[in-house]
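Read the single chain below, which is given as C-alpha coordinates and is the form predicted alone.
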Amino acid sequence: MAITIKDVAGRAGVSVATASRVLSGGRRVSPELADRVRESARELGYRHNAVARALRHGRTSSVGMIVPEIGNPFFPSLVEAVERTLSESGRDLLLCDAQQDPSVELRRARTLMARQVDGLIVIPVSASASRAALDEVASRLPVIQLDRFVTDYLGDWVGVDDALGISLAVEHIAALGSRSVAFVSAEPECSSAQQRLRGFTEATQRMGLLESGDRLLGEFSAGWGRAAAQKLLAGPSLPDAVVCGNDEIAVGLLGEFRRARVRVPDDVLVTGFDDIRFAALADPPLTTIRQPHEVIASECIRLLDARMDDADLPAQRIAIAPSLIARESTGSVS
(Lines give C-alpha, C1' and ligand atoms only; values in the text may rest on other atoms or scores of the structure.)
Protein backbone atom coordinates (compact mmCIF):
# COMPACT_ATOMS: atom_id res chain seq x y z
CA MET A 1 0.00 0.00 0.00
CA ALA A 2 1.34 3.46 -0.92
CA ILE A 3 2.34 5.68 1.97
CA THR A 4 0.62 9.08 1.85
CA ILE A 5 1.27 12.38 3.57
CA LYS A 6 -1.78 11.64 5.71
CA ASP A 7 0.05 8.59 7.09
CA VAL A 8 3.08 10.74 7.89
CA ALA A 9 0.93 13.34 9.63
CA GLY A 10 -0.80 10.67 11.73
CA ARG A 11 2.46 9.13 12.85
CA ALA A 12 3.93 12.54 13.72
CA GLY A 13 0.78 13.64 15.51
CA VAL A 14 0.32 16.76 13.40
CA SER A 15 -2.20 17.96 10.87
CA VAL A 16 -1.85 17.08 7.19
CA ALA A 17 -1.34 20.76 6.47
CA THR A 18 1.60 20.94 8.89
CA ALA A 19 3.20 17.81 7.46
CA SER A 20 2.78 19.23 3.98
CA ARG A 21 4.41 22.53 4.96
CA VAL A 22 7.43 20.73 6.40
CA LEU A 23 7.95 18.35 3.48
CA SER A 24 7.24 20.87 0.74
CA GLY A 25 9.25 23.78 2.09
CA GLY A 26 6.26 26.05 2.61
CA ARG A 27 5.74 28.35 5.57
CA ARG A 28 7.95 27.58 8.53
CA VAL A 29 6.98 25.48 11.51
CA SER A 30 8.88 24.99 14.75
CA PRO A 31 12.14 22.99 14.52
CA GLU A 32 10.70 20.38 16.90
CA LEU A 33 7.66 19.77 14.70
CA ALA A 34 9.77 19.77 11.55
CA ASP A 35 12.11 17.13 13.00
CA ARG A 36 9.15 15.00 14.08
CA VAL A 37 7.55 15.09 10.64
CA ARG A 38 10.79 14.31 8.82
CA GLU A 39 11.56 11.42 11.17
CA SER A 40 8.07 10.00 10.64
CA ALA A 41 8.48 10.29 6.87
CA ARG A 42 11.83 8.49 7.09
CA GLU A 43 10.43 5.68 9.25
CA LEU A 44 7.49 5.15 6.90
CA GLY A 45 9.61 5.36 3.78
CA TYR A 46 7.61 8.31 2.45
CA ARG A 47 9.14 10.01 -0.58
CA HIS A 48 7.96 13.54 -1.31
CA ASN A 49 7.59 14.20 -5.03
CA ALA A 50 9.07 17.69 -5.43
CA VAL A 51 8.56 17.68 -9.20
CA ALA A 52 4.86 16.98 -8.85
CA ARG A 53 4.55 19.69 -6.25
CA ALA A 54 6.29 22.19 -8.52
CA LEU A 55 3.83 21.41 -11.30
CA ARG A 56 0.85 21.80 -8.96
CA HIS A 57 1.95 24.87 -7.04
CA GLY A 58 4.61 26.53 -9.19
CA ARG A 59 7.26 26.03 -6.48
CA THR A 60 10.39 23.88 -6.58
CA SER A 61 11.52 24.28 -2.93
CA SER A 62 14.84 25.59 -4.20
CA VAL A 63 16.46 29.00 -3.89
CA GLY A 64 19.34 30.28 -6.00
CA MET A 65 22.28 32.25 -4.65
CA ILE A 66 25.06 34.08 -6.49
CA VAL A 67 28.24 35.19 -4.71
CA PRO A 68 30.94 37.44 -6.19
CA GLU A 69 33.74 34.90 -5.62
CA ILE A 70 33.63 31.76 -3.55
CA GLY A 71 37.37 32.06 -2.87
CA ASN A 72 36.75 34.95 -0.48
CA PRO A 73 36.53 33.13 2.89
CA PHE A 74 33.76 35.42 4.15
CA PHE A 75 31.24 34.30 1.55
CA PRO A 76 31.27 30.53 2.33
CA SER A 77 30.38 31.31 5.95
CA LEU A 78 27.43 33.39 4.81
CA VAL A 79 26.37 30.71 2.30
CA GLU A 80 26.43 28.06 5.04
CA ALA A 81 24.23 30.23 7.26
CA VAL A 82 21.73 30.77 4.44
CA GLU A 83 21.68 27.06 3.62
CA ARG A 84 21.06 26.12 7.26
CA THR A 85 18.19 28.58 7.46
CA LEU A 86 16.61 27.26 4.25
CA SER A 87 16.95 23.66 5.41
CA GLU A 88 14.71 24.41 8.39
CA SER A 89 11.82 24.61 5.93
CA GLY A 90 13.00 21.74 3.73
CA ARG A 91 14.38 23.88 0.93
CA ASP A 92 17.58 23.49 -1.05
CA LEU A 93 20.16 26.08 -2.08
CA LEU A 94 21.65 26.23 -5.58
CA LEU A 95 24.91 28.19 -5.47
CA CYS A 96 26.76 29.99 -8.30
CA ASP A 97 30.05 31.92 -8.37
CA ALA A 98 30.08 35.17 -10.40
CA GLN A 99 33.90 35.17 -10.59
CA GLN A 100 33.94 38.92 -9.85
CA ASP A 101 32.50 39.57 -13.31
CA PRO A 102 29.09 41.25 -13.82
CA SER A 103 28.64 39.51 -17.19
CA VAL A 104 29.19 36.12 -15.53
CA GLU A 105 26.83 37.20 -12.77
CA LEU A 106 24.10 37.84 -15.37
CA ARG A 107 24.68 34.43 -16.99
CA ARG A 108 24.50 32.71 -13.61
CA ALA A 109 21.23 34.51 -12.86
CA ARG A 110 19.74 33.30 -16.15
CA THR A 111 20.92 29.75 -15.41
CA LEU A 112 19.25 29.75 -12.01
CA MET A 113 16.03 31.16 -13.45
CA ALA A 114 16.07 28.36 -16.03
CA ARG A 115 16.32 25.91 -13.12
CA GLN A 116 13.03 27.40 -11.89
CA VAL A 117 14.25 28.43 -8.46
CA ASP A 118 11.57 29.99 -6.28
CA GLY A 119 13.69 33.05 -5.52
CA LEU A 120 17.19 34.43 -5.85
CA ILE A 121 19.70 35.80 -3.33
CA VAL A 122 22.42 37.95 -4.87
CA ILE A 123 25.59 39.39 -3.36
CA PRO A 124 26.27 41.92 -6.15
CA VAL A 125 29.70 42.06 -7.73
CA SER A 126 29.41 45.77 -8.44
CA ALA A 127 27.46 48.69 -7.01
CA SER A 128 26.62 49.76 -10.57
CA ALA A 129 27.31 47.05 -13.16
CA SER A 130 25.30 44.40 -11.29
CA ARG A 131 22.09 46.28 -11.96
CA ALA A 132 21.51 44.45 -15.26
CA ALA A 133 21.27 41.09 -13.50
CA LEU A 134 18.99 42.43 -10.77
CA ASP A 135 16.65 44.13 -13.23
CA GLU A 136 16.28 40.97 -15.30
CA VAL A 137 15.74 38.69 -12.32
CA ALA A 138 13.33 40.99 -10.48
CA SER A 139 10.97 41.03 -13.43
CA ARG A 140 10.49 37.26 -13.05
CA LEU A 141 11.44 36.21 -9.51
CA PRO A 142 11.60 37.48 -5.94
CA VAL A 143 15.19 38.70 -5.42
CA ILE A 144 17.03 39.77 -2.26
CA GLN A 145 20.35 41.60 -2.19
CA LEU A 146 22.56 40.22 0.56
CA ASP A 147 25.63 41.82 2.18
CA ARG A 148 26.17 44.23 -0.73
CA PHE A 149 23.71 46.33 -2.70
CA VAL A 150 23.42 48.13 -6.02
CA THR A 151 23.36 51.90 -5.66
CA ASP A 152 20.03 53.61 -6.43
CA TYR A 153 18.33 50.24 -6.99
CA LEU A 154 14.94 50.01 -5.31
CA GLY A 155 14.91 46.47 -3.94
CA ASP A 156 15.17 44.42 -0.77
CA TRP A 157 18.55 44.29 0.95
CA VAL A 158 19.89 42.91 4.20
CA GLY A 159 23.44 43.13 5.44
CA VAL A 160 25.70 44.52 8.10
CA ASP A 161 26.14 48.25 8.74
CA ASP A 162 29.61 48.56 7.16
CA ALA A 163 30.15 52.20 8.09
CA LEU A 164 29.31 51.47 11.72
CA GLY A 165 31.69 48.52 11.73
CA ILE A 166 34.65 50.59 10.58
CA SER A 167 33.77 53.33 13.06
CA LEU A 168 33.93 50.72 15.86
CA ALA A 169 37.45 49.80 14.75
CA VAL A 170 38.54 53.45 14.59
CA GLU A 171 37.06 54.21 18.01
CA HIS A 172 38.83 51.14 19.42
CA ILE A 173 42.32 52.13 18.25
CA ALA A 174 41.71 55.75 19.31
CA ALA A 175 40.78 54.58 22.81
CA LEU A 176 44.10 52.73 22.91
CA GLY A 177 46.00 55.98 22.27
CA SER A 178 46.52 55.91 18.50
CA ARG A 179 46.73 59.34 16.91
CA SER A 180 47.75 58.46 13.34
CA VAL A 181 45.95 55.78 11.34
CA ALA A 182 46.21 54.31 7.83
CA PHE A 183 43.32 52.74 5.93
CA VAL A 184 43.93 49.72 3.69
CA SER A 185 40.89 48.52 1.78
CA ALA A 186 39.45 47.87 -1.69
CA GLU A 187 38.64 50.29 -4.48
CA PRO A 188 35.04 51.49 -3.96
CA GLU A 189 33.54 49.34 -6.71
CA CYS A 190 31.15 47.43 -4.45
CA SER A 191 28.92 48.88 -1.75
CA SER A 192 30.89 47.24 1.08
CA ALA A 193 34.07 49.03 0.02
CA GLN A 194 32.16 52.29 -0.45
CA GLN A 195 30.49 52.16 2.96
CA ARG A 196 33.66 51.13 4.79
CA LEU A 197 35.56 54.00 3.21
CA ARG A 198 32.80 56.41 4.23
CA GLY A 199 32.80 55.02 7.76
CA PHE A 200 36.57 55.48 8.04
CA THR A 201 36.43 59.07 6.82
CA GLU A 202 33.61 60.04 9.16
CA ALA A 203 35.10 58.27 12.18
CA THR A 204 38.61 59.70 11.84
CA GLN A 205 37.20 63.21 11.46
CA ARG A 206 34.93 62.73 14.45
CA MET A 207 37.76 61.33 16.59
CA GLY A 208 40.28 63.94 15.45
CA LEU A 209 42.75 61.34 14.17
CA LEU A 210 45.49 62.05 11.64
CA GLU A 211 45.18 59.97 8.48
CA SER A 212 48.65 58.64 7.72
CA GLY A 213 49.49 59.11 4.04
CA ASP A 214 47.15 58.27 1.20
CA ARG A 215 44.41 55.74 1.70
CA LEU A 216 45.63 52.50 0.20
CA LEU A 217 42.83 51.07 -1.93
CA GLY A 218 43.28 47.87 -3.94
CA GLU A 219 41.19 44.73 -3.52
CA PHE A 220 39.84 42.52 -0.75
CA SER A 221 42.75 40.04 -0.80
CA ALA A 222 45.75 38.93 1.25
CA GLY A 223 47.99 39.75 -1.72
CA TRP A 224 46.87 43.36 -1.60
CA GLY A 225 47.45 43.37 2.16
CA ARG A 226 51.07 42.36 1.59
CA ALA A 227 51.55 44.98 -1.14
CA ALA A 228 49.98 47.68 1.03
CA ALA A 229 52.25 46.75 3.95
CA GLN A 230 55.26 47.20 1.66
CA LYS A 231 54.02 50.67 0.75
CA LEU A 232 53.64 51.57 4.41
CA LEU A 233 57.10 50.19 5.21
CA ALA A 234 58.61 52.31 2.43
CA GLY A 235 57.22 55.50 3.98
CA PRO A 236 59.07 57.77 6.39
CA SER A 237 57.36 56.21 9.42
CA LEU A 238 54.65 53.78 10.31
CA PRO A 239 51.29 55.03 11.59
CA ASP A 240 50.16 54.14 15.09
CA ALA A 241 47.47 51.87 13.63
CA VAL A 242 46.24 50.32 10.39
CA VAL A 243 42.52 49.76 9.87
CA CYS A 244 41.92 47.14 7.17
CA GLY A 245 38.81 46.82 5.03
CA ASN A 246 38.59 43.06 5.59
CA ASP A 247 40.37 40.21 7.34
CA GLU A 248 42.10 38.91 4.22
CA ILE A 249 43.85 42.24 3.77
CA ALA A 250 44.77 42.29 7.44
CA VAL A 251 46.22 38.76 7.39
CA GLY A 252 48.39 39.62 4.38
CA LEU A 253 49.53 42.82 6.05
CA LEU A 254 50.39 41.01 9.30
CA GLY A 255 52.51 38.50 7.39
CA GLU A 256 54.49 41.23 5.65
CA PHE A 257 54.98 43.16 8.88
CA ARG A 258 56.26 39.99 10.56
CA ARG A 259 58.71 39.41 7.69
CA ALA A 260 59.98 42.98 8.13
CA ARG A 261 60.27 42.45 11.91
CA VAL A 262 57.59 45.02 12.68
CA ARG A 263 55.99 44.06 15.97
CA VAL A 264 52.21 43.98 16.17
CA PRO A 265 50.81 45.42 18.43
CA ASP A 266 53.98 46.94 19.99
CA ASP A 267 54.97 48.98 16.91
CA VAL A 268 51.59 49.27 15.19
CA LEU A 269 48.01 48.19 15.89
CA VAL A 270 46.07 46.32 13.19
CA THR A 271 42.33 45.67 12.79
CA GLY A 272 40.31 43.71 10.22
CA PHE A 273 36.68 43.26 9.26
CA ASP A 274 34.40 40.17 8.95
CA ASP A 275 35.82 37.81 11.60
CA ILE A 276 36.49 34.99 9.16
CA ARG A 277 37.57 31.66 10.64
CA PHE A 278 41.26 32.45 10.15
CA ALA A 279 41.11 35.76 12.05
CA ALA A 280 41.54 34.12 15.46
CA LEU A 281 44.38 31.97 14.06
CA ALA A 282 46.41 34.87 12.65
CA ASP A 283 49.78 35.77 14.14
CA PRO A 284 48.95 37.63 16.29
CA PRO A 285 45.21 36.88 16.54
CA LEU A 286 43.34 39.63 14.75
CA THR A 287 41.10 42.27 16.27
CA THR A 288 38.20 42.53 13.86
CA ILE A 289 34.57 43.39 13.25
CA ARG A 290 32.24 40.41 13.50
CA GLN A 291 29.32 40.00 11.11
CA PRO A 292 26.48 37.96 12.68
CA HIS A 293 26.02 35.39 9.88
CA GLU A 294 23.04 33.60 11.37
CA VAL A 295 21.09 36.80 12.02
CA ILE A 296 21.84 38.11 8.52
CA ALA A 297 20.79 34.80 6.93
CA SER A 298 17.59 34.60 8.97
CA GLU A 299 16.58 38.13 7.98
CA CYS A 300 17.44 37.41 4.35
CA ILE A 301 15.15 34.37 4.19
CA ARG A 302 12.43 36.23 6.07
CA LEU A 303 12.53 38.98 3.43
CA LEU A 304 12.57 36.41 0.63
CA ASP A 305 9.54 34.58 2.04
CA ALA A 306 7.68 37.86 2.46
CA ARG A 307 8.48 38.84 -1.13
CA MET A 308 7.35 35.41 -2.39
CA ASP A 309 4.05 35.81 -0.55
CA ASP A 310 3.44 39.39 -1.70
CA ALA A 311 5.33 40.80 -4.67
CA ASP A 312 3.85 44.26 -4.03
CA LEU A 313 5.36 44.79 -0.58
CA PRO A 314 7.43 47.98 -0.23
CA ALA A 315 11.17 47.33 -0.55
CA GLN A 316 12.93 46.79 2.76
CA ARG A 317 16.53 47.62 3.68
CA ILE A 318 17.83 46.07 6.88
CA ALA A 319 21.24 47.10 8.26
CA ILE A 320 22.34 44.85 11.11
CA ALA A 321 24.80 46.13 13.72
CA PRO A 322 28.20 44.36 13.79
CA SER A 323 30.37 44.01 16.89
CA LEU A 324 34.04 44.53 17.73
CA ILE A 325 36.08 41.44 18.63
CA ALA A 326 39.27 42.59 20.37
CA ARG A 327 42.28 40.30 20.11
CA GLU A 328 46.07 40.53 20.41
CA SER A 329 46.70 42.54 17.21
CA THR A 330 45.60 45.60 19.20
CA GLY A 331 47.00 44.33 22.48
CA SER A 332 43.64 43.51 23.99
CA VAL A 333 41.17 40.65 24.31
CA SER A 334 37.34 40.83 24.44
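Predicted model only: the values in this text are computed from it and were never measured. Each residue number is its position in the shown sequence, starting from 1.
Not pictured, yet referred to below: the form predicted in complex with a small molecule.
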- Within 4.5 Å of the small molecule in the model of the complex, counting heavy atoms only, one of 141-149, 104-112, 252-260, 83-91 shows up; tell me which. 141-149
- Item | Of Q194, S167, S77, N72, the one that lies within 4.5 Å of the small molecule in the model of the complex (heavy atoms) | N72
- Using heavy atoms and a 4.5 Å limit, would one call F220 a contact residue for the small molecule in the model of the complex? yes
- Message: Please determine whether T271 contacts the small molecule in the model of the complex, using a 4.5 Å cut-off between heavy atoms.
- Response: no
